[in-house]
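Only one chain is shown below, in structure tokens, and it's the form predicted alone.
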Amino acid sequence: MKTETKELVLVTGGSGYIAINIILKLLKQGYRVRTTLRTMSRQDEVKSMLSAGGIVSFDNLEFIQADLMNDDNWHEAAVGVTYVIHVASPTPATRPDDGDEMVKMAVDGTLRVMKAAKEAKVKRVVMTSASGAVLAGHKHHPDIFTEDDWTNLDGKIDAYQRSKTMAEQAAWAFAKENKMELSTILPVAVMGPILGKDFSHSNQIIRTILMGKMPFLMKMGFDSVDVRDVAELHLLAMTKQVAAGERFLATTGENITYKEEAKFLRQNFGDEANNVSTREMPDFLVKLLAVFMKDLRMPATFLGQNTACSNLKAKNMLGWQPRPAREGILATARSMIELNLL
């Protein structure tokens, strides 16, 4: 007997690290998936990553070309869709020096997706925001961060955090005005196994440490979460009625320093971790170097700040159970080694 095909889900930005894992989980659960790509030439790459994750048939997967920076095809992308999972972020070839431009791209892109979802009368939108929309700009915040917190847009924050915060705020305002169901997922540093050459900024930090390109570590800690658990949380937020109108931080609830991460790698990877340093750099030196090194500017804004986040809401309301942080960090390193990315 042929089972009834599940609903069609639109996932934006299908080649991205989080999006791939969401598509993987949707296909394994029998959903049909339509996903957007800015360039259709990446279809084979997406299929290759999904194959690496265990998908053997692509009968329930379709692609459509759409770019967050223009209106083309967004209406067509949402037609016939039950749910939208909006993961994509606008990624210009080079990061604009003008922070306002980055914010505008993020807000405009989000509103394009929300408008298309409204026209298509979708049941619910689940948006991937970021913990950067919660914890930035709070130099004096001793308490653990929760979903009730919002980034302080008046604080000294990076354009990335500003763009994530304002894009999420724009989505909530649009949803309220148009009586739409919206849930947002706010991942911390995303770790976990890599399926191809598309991986997260947090994965890149593990790679840099393993390659010995970080001889001195910044004295700071961040929460992390496994990408497989981030994907699971998106599906829970999509299907559980109580998730409508709610934000959910995606974190293991463990705040781990760069030094502790480096020690994990040294303890578990033997010769592969010979280049890993556990030496730390004083804060004043990080701030000085950040003047000249773009890569340090965003992390430098978090020096001396608490960044610990709570996962109690996702666990209590949705029954979400993330694996330990250590597991995700080691899975990142293991797949980096296996894919010869070092």
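One rule holds for the numbers: they count along the sequence shown, beginning at 1. Nothing here was measured: the structure is a model prediction, and the numbers come from that model.
Form predicted together with a small molecule: not shown, discussed below.
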- Residue contact check: Gly328 to the small molecule in the predicted complex, 4.5 Å heavy atom: no
- Message: Residue-level contact is defined here as any heavy atom of the residue lying within 4.5 Å of the small molecule in the predicted complex; does Thr128 satisfy this criterion?
- Response: yes
- Query: Does Ile209 reach the small molecule in the predicted complex if we count a contact as any heavy atom within 4.5 Å?
  - Reply: no
- Item | Residue contact check: Ile144 to the small molecule in the predicted complex, 4.5 Å heavy atom | no
- Candidate spot Pro193, Gly196 and Ala333, all three in 4.5 Å heavy atom range of the small molecule in the predicted complex? no
- Go through 272-280, 51-59, 307-315, 66-74 and give me the stretch that gets within 4.5 Å of the small molecule in the predicted complex, heavy atoms only. 66-74
- Note on the structure: Heavy atom within 4.5 Å of the small molecule in the predicted complex, from candidates Ile85, Leu233, Ala117, Val188, belongs to Val188
- May I ask you to choose, among Ser200, Asn255, Thr239, Gln169, the residue with a heavy atom within 4.5 Å of the small molecule in the predicted complex? Ser200
